[in-house]
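First, one chain by itself in structure tokens, the form predicted on its own.
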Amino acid sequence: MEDVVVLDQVSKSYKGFKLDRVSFALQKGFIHGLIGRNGAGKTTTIKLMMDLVRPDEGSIRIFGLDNRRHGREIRERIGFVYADNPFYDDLTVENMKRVVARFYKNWDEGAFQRYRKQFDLPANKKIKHLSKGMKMKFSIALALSHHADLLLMDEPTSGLDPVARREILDLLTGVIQDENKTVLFSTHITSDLEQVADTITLIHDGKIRFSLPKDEVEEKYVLVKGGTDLLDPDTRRPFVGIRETPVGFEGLSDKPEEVRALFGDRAIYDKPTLEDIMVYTIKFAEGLGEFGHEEHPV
């Protein structure tokens, strides 16, 4: 598989936050999910890819090119979809499109008009009168109309109602049918990625916790439920995180065979969602339980 983006030991420090030696790759023709809680480093990672901020150390290669030396050439091939509205509110869809089109030598007016009609975007309606879902469709239409090979999407479904979210996900599924296009979908809404993503990268406190194909993530983890009498220092060790309540425990393990051997039929085993994996990897691995008591380290 061809690597479209490669981050190698990339670090960036701000006051109170550090992106710490981040390394992962995006392969051509796939939708890649970047998950993590707000403030985990997702937006900083995307800004580094776009060369909007410079790394303190490490390297970033996009389309095989150093993103600092070939920034302009790379940006011609990237579509950047923001969570927030970056447009001039008092311009119409058509006039805003004209502003954006001037920045891309590969702008395809015919493609834009096809996407505008497909997405039901009214050409003469002002941006400020569009719904949030329509603004997101407009962003995607602009990104696709200069034949971007890489779409970087920062929280594209945040704040959208369920119908609008489904429409955006369906659009992405259609886009990726062109195996030459690659998507990075950054979000804290993990359920969206369960529907469309091929790979998942989890970032927390500026560090990559894992970066794997989604099917490997699903096979790697198991959610275990049982009575607290099953827990002791030895049986806790295979868990990534444990939540204890007055009636029992629920824990996430990345050693499914080991926990099944330990507990047998005394416990219940479920397939975790991406949200479960994120919550247990982050919250319940840090020592604070749901009821405020200190958890045993795992």
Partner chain sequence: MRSILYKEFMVERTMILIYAAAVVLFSLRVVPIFFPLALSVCLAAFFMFTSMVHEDMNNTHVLINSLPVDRKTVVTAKYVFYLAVGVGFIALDILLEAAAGARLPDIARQSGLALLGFAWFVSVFFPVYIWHGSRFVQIAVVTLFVMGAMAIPIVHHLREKTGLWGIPDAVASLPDAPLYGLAAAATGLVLIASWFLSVRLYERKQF
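All figures in this text were calculated on a predicted structure; none of them were measured in a lab. Residue numbers count along the first chain shown, from 1.
There is also a form predicted in complex with its partner chain; it is not shown, and the following applies to it.
Residue heavy atoms within 4.5 Å of its partner chain in the predicted complex occur in exactly one stretch of 154-162, 183-191, 109-117, 89-97, and that stretch is 89-97.
Residue contact with its partner chain in the predicted complex: Glu167 places no heavy atom within 4.5 Å of it. Taking the partner from elsewhere, Lys47 is found to have a heavy atom lying within 4.5 Å of its partner chain in the predicted complex. When contacts are judged by a 4.5 Å heavy atom cut-off, Ile268 does not count as touching its partner chain in the predicted complex. In the predicted complex, its partner chain sits within 4.5 Å of a heavy atom belonging to Asp51. When its partner chain is considered in the predicted complex, only one residue from His204, Arg75, His147, Lys220 comes within 4.5 Å through any heavy atom, namely Arg75. For the stretch 203-223, the set of residues having any non-hydrogen atom within 4.5 angstroms of its partner chain in the predicted complex is empty.
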